[in-house]
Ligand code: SAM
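Just the one chain here, the form predicted on its own, laid out as structure tokens.
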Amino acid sequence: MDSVESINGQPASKKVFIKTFGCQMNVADTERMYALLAEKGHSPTENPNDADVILINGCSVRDKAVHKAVSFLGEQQFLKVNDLGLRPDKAPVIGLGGCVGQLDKGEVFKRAPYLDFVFGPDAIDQLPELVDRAERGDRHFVQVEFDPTLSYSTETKIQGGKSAAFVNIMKGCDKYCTYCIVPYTRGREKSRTIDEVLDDVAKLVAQGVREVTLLGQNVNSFGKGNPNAKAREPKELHNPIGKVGPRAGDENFNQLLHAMEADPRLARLKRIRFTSSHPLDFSDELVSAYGSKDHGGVSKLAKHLHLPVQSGSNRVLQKMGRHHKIEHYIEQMNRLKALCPEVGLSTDLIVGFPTETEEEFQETLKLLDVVEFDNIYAFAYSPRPGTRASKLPDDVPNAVKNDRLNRLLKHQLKIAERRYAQRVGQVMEVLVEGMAKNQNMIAPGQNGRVWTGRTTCNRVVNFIDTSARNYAHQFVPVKITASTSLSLSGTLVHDADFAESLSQGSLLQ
């Protein structure tokens, strides 16, 4: 691949395709990869068959995610080796990255000799050089070393024209839950400074971003080790479990939220989301941030919380190395709902952890009834190599794991159906993400398009519009008229504020 074709005598840009598996952190990493390669003349394509560069950004948190990444890699073999075992003239460069790359390192070349290189999350900023190296003929090289510095500095890179952006504020995790591979694939905790994050978000807002999601493996421990040089408040965090998170004298996550609220450069930023969290670091002060100004509230903070609990059994939590108790988790959720009744709640759950009994699984079902989550992300336990839990006997049969998972999901669907139905009749503000993939809301013979977006409490809302207006990336009021266990649907409300936005042309194509 020494050259690319020309268009009207000018070199055509090389095309890059990235397949992403995993969490929001992986999605943000992919966005950064696209932006970095765009600076070197690579344009994105949605078809790997058209790509000059194919990158796989894989997740290794669960066995199924690893299999998906490796399976997709295998599907690309025909682009590198033809039926005679020869390399085609225009074979693309193929790289494997993310947590899968960090974990597998060079072992994957034995299974996929057509793979060119492997890279870890800390090597993303070196990606243009790695691709160039592969394009010049170097093969089977690995770049998975962790950044040895104690500080963490980066700049968010996004493609233009977006209203929402992911912003990495920290990386790594120091919790070492017994089942979790993340500390081994992402390293130890490191946080950006508050001032750097503010400057970063200010640039995004100037580009038109109106919602940011602050990312980290455990954002609630943000700031640990960074001196609170500007004496920001609150100087110390509290939790019913005990002393956790950054120490007094360090920066902390609540300081960041209040600083974002107060920064005049962020006046047009409408929503702040964050993920992911750990109950040990979910402070009383963060609960208060969801309340009114009088209770230490942050008005830009979205009315949504994703707080992984993993199990409803204290004994299983102890085996998982989680070190929080269900009664404390429920106590914080009750206080949060009292301060912010409209808050949307979601969590992560693992079923079939080693030694989990049927009675302990029932405790997880009871937890769903008590907290009433809007959504859950549930998984059957799979041992991850190198973790402490992988040394435990995997003594819950797969059939039992799958049965418990199905029962858990069915139980949650009933709760979600009831929770979503409570929104019918309300007017909710929706940030429109674009046209819905499923246009089945349009009746036969009816003109219009189905748009989709999310509320502040992270509920998906679909609505029909029969005009030619483009609602993508706009905040619009929608009256909820129907619900399912997964989403809401409604009609646009053309109130005074909405009419003003129309008069300014912001919703017109």
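Every value quoted in this text rests on a predicted model; they were computed, and no experiment measured them. Residue numbers here begin at 1 and follow the sequence given.
The same protein has a further form, the form predicted together with this ligand, not shown here; the description that follows concerns it.
A single residue from the set Gln412, Asn254, Gln310, Asn168 has any heavy atom within 4.5 angstroms of this ligand in the predicted complex; that residue is Gln310. Only one of the listed residues (Val201, Leu431, Ala416, Ile350) places a non-hydrogen atom within 4.5 angstroms of this ligand in the predicted complex, and that residue is Ile350. Phe146 falls outside the set of residues with a heavy atom inside 4.5 Å of this ligand in the predicted complex. Proximity of Val118 to this ligand in the predicted complex: non-hydrogen atoms within 4.5 Å are absent; the residue sits far from the partner.
Not displayed here, this ligand is approached by Arg62 to within 4.5 Å at the level of heavy atoms in the predicted complex.
Residue contact check for Cys180: one or more of its heavy atoms lie within 4.5 Å of this ligand in the predicted complex. Across the options 157-165, 190-198, 433-441, 374-382, residues that bring heavy atoms within 4.5 Å of this ligand in the predicted complex belong to 374-382. Site residues Gln217, Ser276 and Arg322 are all in contact with this ligand in the predicted complex, judged by any heavy atom within 4.5 Å.
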